Each structure stands twice: as structure tokens, then as C-alpha cells.
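A lone chain, given as C-alpha cells: the form predicted on its own.
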Amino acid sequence: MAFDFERSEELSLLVRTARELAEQQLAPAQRDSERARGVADDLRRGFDSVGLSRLELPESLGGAGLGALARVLVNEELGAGDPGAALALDPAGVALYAVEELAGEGALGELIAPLLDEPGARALLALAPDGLDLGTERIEARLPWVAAARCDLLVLLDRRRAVVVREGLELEPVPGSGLRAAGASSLSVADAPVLARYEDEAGASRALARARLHTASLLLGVLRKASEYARAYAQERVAFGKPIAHHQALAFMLTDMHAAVELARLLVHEAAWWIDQRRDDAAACAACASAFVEVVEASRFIGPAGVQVLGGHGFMQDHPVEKHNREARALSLLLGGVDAAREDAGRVLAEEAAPVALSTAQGEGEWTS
């Protein structure tokens, strides 16, 4: 099967716009955004002015109606600038996927679209904690960590359904965590009435897959920036009469970092292609889970390696690599983390392999009814 990743002129312009926003506004303000646990109003206005908050909203609701490939390309640029700010700037976030996949366009217009016109509003998607029954009329739960300082709408998702709550939501800051610019907090849901409940197992799987892809593409941007910064530093830092990048061991490490980013990008783009094709839900969900796993595994190498290249400077806020490492760790914990994604990808592969194994056994005369 052929995958065509050639960018249209419109998509190329969108990516350039996102890169300029990240380089000229998000990155220079990243430390200020962390201290404020949020983004400045001028950053929010810049984000809204180029239409990035409505990127995947259907055209009938005033959005751009673009697909998953556009989203991952934009997210990589925003993640390279500041992933926490990127989350804070996006009112709908990955909650859009759960509402769209399980309830459709009408629910998007009722629940998500109004948030886009309210400055600073945030919708959050979280996996239902273990033991929480989403079939009840009122929800009582505590989420130890969410990447937000504000929550106007919460969507809780499990394997077959989603519930929406809007009341009884209380956030408390979590100091010292990653994604500080998003406003990291713990979230308590106190006897909240269920605003809406949707049941669709295939829709729930697809919503989770799209959310993982969204997160993976932000993390990809972090890793790209970490790799680029480490390479630039190594080319300028001189030791034993030459740049440290010219020493063989470090040169190999920098090469491996770059290769890891490129491999992860290929899987992220392939998964986005599957989502946009809407031809095979199982394959699309497995591709998104696999892409998430690959990017997280790459982060476990690239993050510490970037710090190692800088040595003692890697732990100082004078350089961004400590932030890259911290943000990568935080992003890898979202949506159940890498273990849950690995299990989901493995489950699909096992289901695909079972008929082949059965057919082989029958052909060899090893199957008896």
C-alpha cells in the first residue's frame, strides 16, 4: 500500500505559519509562560488569528475541516516551540475527538464550538480512572494530574463510552510538574451531574487513537527541538582543540538522536494517513498506538541524551534541554501512558494474527473440531 505525504500548497503555508508562531512567539515566552502557568493574551490572540484553534472543526461549524495529517504537522511545530503553551492555547484539545467520534457534528456544535469563542476556555479529555462507573447519573472522581489550570468541560472516556460533565470541577495547582505553561493541576470531580453520555465502542477506540496521535505529534516537536539544540551546542562547544561534535562518541549519539526523530515522524505521519483514510478502524487505532509508543521510546533516549551532550549546562534553565526532557516525560504519561498504548497495539496485532495461525494449523492438519 502506498502512502502519499506530499503537502499541498495550502498545507505547506499552514505549517510555515505554525512554525513562525512557535519560533517568534511561543519559544521566546516559554519561561514566562511556565512562571505564569498560562499563556499571555497576545499569544492567545496570535493563535486565534491564524485559525489554529479551529483546525479540525468541521466547516459547517466555522472550522477549517482539515484532517489528522494537518494536525500532526502543525503540532510538531507548536511542540518545538512550547508544548505546554500549545495545549493551553487550544480550547477544544483532544476532547473534540471524543465528542465527534461518539456523538457527531451536532454535539460538537453544542458542546465544543461555544468554547472557541470564550477566551481562555478549556475542554479536557481524560481516561476514566479504574473503578469509576460511567453509567451513573452523577460522577465522583479525582484525577491526580491534568495539563490545565482551567476546565470548562470534562469528557471522561472508557473502552465503550464517554460522559460529559460541566459542573463540580475543581482544580488545584501541582507545582514542579511538566507542561507548566498548560497550568498543570489535580482535578476533583465532586458529585457532578452527567451532562451527556454517549456509547459506541468503535467510536471510543477511534477517539483514543486520535488523542494519542495528537499527543505524539506534540512530543515529536519536543524531540526534534531537543535534537537540534544538542547538535548546535555540540558544534559550538570546543574541547581538546575541536568542537565536541567532532569527537566520535558524541557524533554517533547526535546521529542516533536525529535518526530516532526521523523514524518517529514516519510512524506519526503514517498513523495520520490511516486516520484520514477512514478505511480500517482497527488498523488506524493500532497505527496511532504504535506511533505513540515509538515517540515515547524515542523520548527516553533523546531527552537524557540532550542533557548529556550539554553536561552540567543540561540541568540549568539557561538552556532549554532540561525543559525538553521534563516536557517529554509529562507528555508520555498522558492517556494511560506508553504501557496502555503498547497493549492496544499488541491486541490488534494478535487479533490479526489469529486467523492466519488458525488457517495454517488447519492446512497442516493440526486443527480438530
Partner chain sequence: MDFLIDAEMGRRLAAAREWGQAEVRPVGREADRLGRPIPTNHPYFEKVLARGDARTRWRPGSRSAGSAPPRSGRSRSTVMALLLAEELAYWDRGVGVANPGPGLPEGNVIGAGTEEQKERFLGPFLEPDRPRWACFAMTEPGAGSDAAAIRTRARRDGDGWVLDGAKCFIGNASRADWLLVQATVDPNRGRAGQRAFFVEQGTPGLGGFKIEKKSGLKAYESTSFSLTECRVPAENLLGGERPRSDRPEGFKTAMRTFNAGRPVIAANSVGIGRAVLDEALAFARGHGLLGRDRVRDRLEHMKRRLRAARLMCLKAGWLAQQDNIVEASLSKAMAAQVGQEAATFGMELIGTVGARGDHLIEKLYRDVKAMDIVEGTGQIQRMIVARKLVGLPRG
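Numbering follows the first chain given and starts at 1. None of the values given here were measured: they were computed from a predicted structure.
Omitted here: the form predicted in complex with its partner chain. The next part is about that form.
Of the candidate stretches 232-240, 277-285, 152-160, 105-113, only 232-240 has residues whose heavy atoms lie within 4.5 Å of its partner chain in the predicted complex. Within 4.5 Å of its partner chain in the predicted complex, a heavy atom is found for not a single one of P58, G62 and A202. Q317 belongs to the set of residues with a heavy atom inside 4.5 Å of its partner chain in the predicted complex. Of the heavy atoms in N325, some are within 4.5 Å of its partner chain in the predicted complex. With a 4.5 Å cutoff on heavy atoms, P119 does not count as touching its partner chain in the predicted complex; it lies far away.
In the predicted complex, no heavy atom of P28 sits within 4.5 Å of its partner chain. The listed set A272, A92, A86, V296 contains one residue whose heavy atoms approach its partner chain in the predicted complex to within 4.5 Å, identified as V296. The contact residue chosen from A192, V174, L171, A128 relative to its partner chain in the predicted complex is V174, the criterion being a non-hydrogen atom within 4.5 angstroms.
With contact defined as any non-hydrogen atom lying within 4.5 angstroms of its partner chain in the predicted complex, the contacting residues in 331-346 are L333, V338, D339, R342, E343, given in sequence order.
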